[in-house]
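One chain comes next, on its own, written out as structure tokens in the form predicted on its own.
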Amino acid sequence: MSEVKMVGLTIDGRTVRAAEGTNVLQAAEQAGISIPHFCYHPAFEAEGNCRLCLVEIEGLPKLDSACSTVVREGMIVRTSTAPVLEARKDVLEFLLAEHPLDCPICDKAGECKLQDYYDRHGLFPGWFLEAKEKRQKKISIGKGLLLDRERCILCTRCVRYLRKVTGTGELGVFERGVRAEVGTYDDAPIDNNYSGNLVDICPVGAITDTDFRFKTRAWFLEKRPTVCPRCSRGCAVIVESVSGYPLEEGERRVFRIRAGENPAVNGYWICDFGRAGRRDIDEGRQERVIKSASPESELSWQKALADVMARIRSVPGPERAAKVAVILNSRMTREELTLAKRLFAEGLSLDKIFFADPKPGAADGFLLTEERVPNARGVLQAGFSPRLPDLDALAASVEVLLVFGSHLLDHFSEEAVSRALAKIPSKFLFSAHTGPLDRLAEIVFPLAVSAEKSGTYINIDGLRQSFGRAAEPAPGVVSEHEILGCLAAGLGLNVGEHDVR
């Protein structure tokens, strides 16, 4: 592999080295020099149509766009001379001449590039006396997306994204001059698995999401990175939530999930299926211990776990391999799986260790995979050979059953599961969400979802990714790691270090 040729140039008096083929805007950003821009995005070829990134390049008779100018050896660039600052001010003034004063109600307020750049490079008074151009403000363009043509600055990011990334091309720019506007072809809606990225890449509030629209303000949200658990790709995502308990009935805690950046996995994008994972964090959650099908507000998970330990101890050691069974899942972290291996396979010498995962879905050839779990490779690396349980065999021989997750019903009918579990004297469910299995278990423990814990997943390409907690769990909601560690300690088993990262 040939070495990348580096080019030396000077930006604002600072010596900078950048790879050959890099544009001036990228070279400046790598050197910590910010050049404002709207239309440029690193995933697309530069078009230079917004003209906000104009810079002064020694030897050229006029200002040139930083996004479309490739660096060359010895180039001297100035990004803050008087002509450059005046040009920026003029571009912003022309954009704002027709832009509506929607900042108090716009979802993009607080993270809008036009708003930020005006504050940084503008702060000029308006002097246009003419009424602003009126355009359509609430156009449905498909899949929960609304287009506001008054706010659109025609950066064409959305158009280029649908042409270059998804290849579906649902949007285009129609008409010319002052009449130019973004729209769909023949009113055909945007219909692809990655439409939510249009909201992320729009630099203003022209494209908004009905799921987030008017729900909260950006500055109220705490933004934390994690790994998406909804398929085996393991995309980098940002969970945006409010912190603090208690929440009112029906109140949202997680307001959106957005794409993080990981060049090795997902680049700048995530699929709409992963974006909709915010509902897994907020909705249908198991938030307290349930005993004998009734919520127990005064019963802590630690006290309830003592019953589990007592039932396991009641089975004589030599008989445990046949009479105690565990069902795990591939949404558990690598650390939790290693702990489960040490506890159940090595410490208790269990033979009946099974897995029940969500059913596979359709892959789309881009990011979304057929596997709908994030850590199938981690299961194998932990030393498990995942297999579904035989319900009849469980019913015939097992006395104590521990079920982690609620995906048995993805593979068996509720009637078959109910019939089998009715024959098992002691059955315990550890689940993040409420469901039909709750009434079949003696005790149900509320578990954290992936965004509420830290750990490691190994994706479909074998890439190991560690992540931290992105949202705070409700009081009394715990991770499998805490459950397994407490079980091991209570049963007097030495499972070594719990963190295998």
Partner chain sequence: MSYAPSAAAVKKIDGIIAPYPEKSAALLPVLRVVQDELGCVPPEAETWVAAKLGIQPIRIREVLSFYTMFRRRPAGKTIIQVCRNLSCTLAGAEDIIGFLKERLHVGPDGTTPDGRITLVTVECLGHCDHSPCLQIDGIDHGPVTRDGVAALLEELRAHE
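As the structure is a computational prediction, the values presented were derived from the model and not from experiment. Numbering follows the first chain given and starts at 1.
Absent from the display: the form predicted together with its partner chain. The rest refers to it.
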Considering 411, 121, 163, 223, which brings a non-hydrogen atom within 4.5 Å of its partner chain in the predicted bound form? 163
Just one of 370, 175, 390, 351 has a heavy atom within 4.5 angstroms of its partner chain in the predicted bound form, so which one? 175
Can you check whether residue 356 is within 4.5 Å of its partner chain in the predicted bound form, heavy atom basis? no
Distance check, residue 80 to its partner chain in the predicted bound form, heavy atom within 4.5 Å: no
I'd like to know whether residue 170 contacts its partner chain in the predicted bound form, with contact meaning heavy atoms within 4.5 angstroms. yes
So in the predicted bound form, does any heavy atom of residue 381 sit within 4.5 Å of its partner chain? no
In the predicted bound form, segment of 253-261, 358-366, 342-350, 182-190 with a heavy atom within 4.5 Å of its partner chain: 182-190
Can you name the residues of 3-32 that have a non-hydrogen atom within 4.5 angstroms of its partner chain in the predicted bound form? none
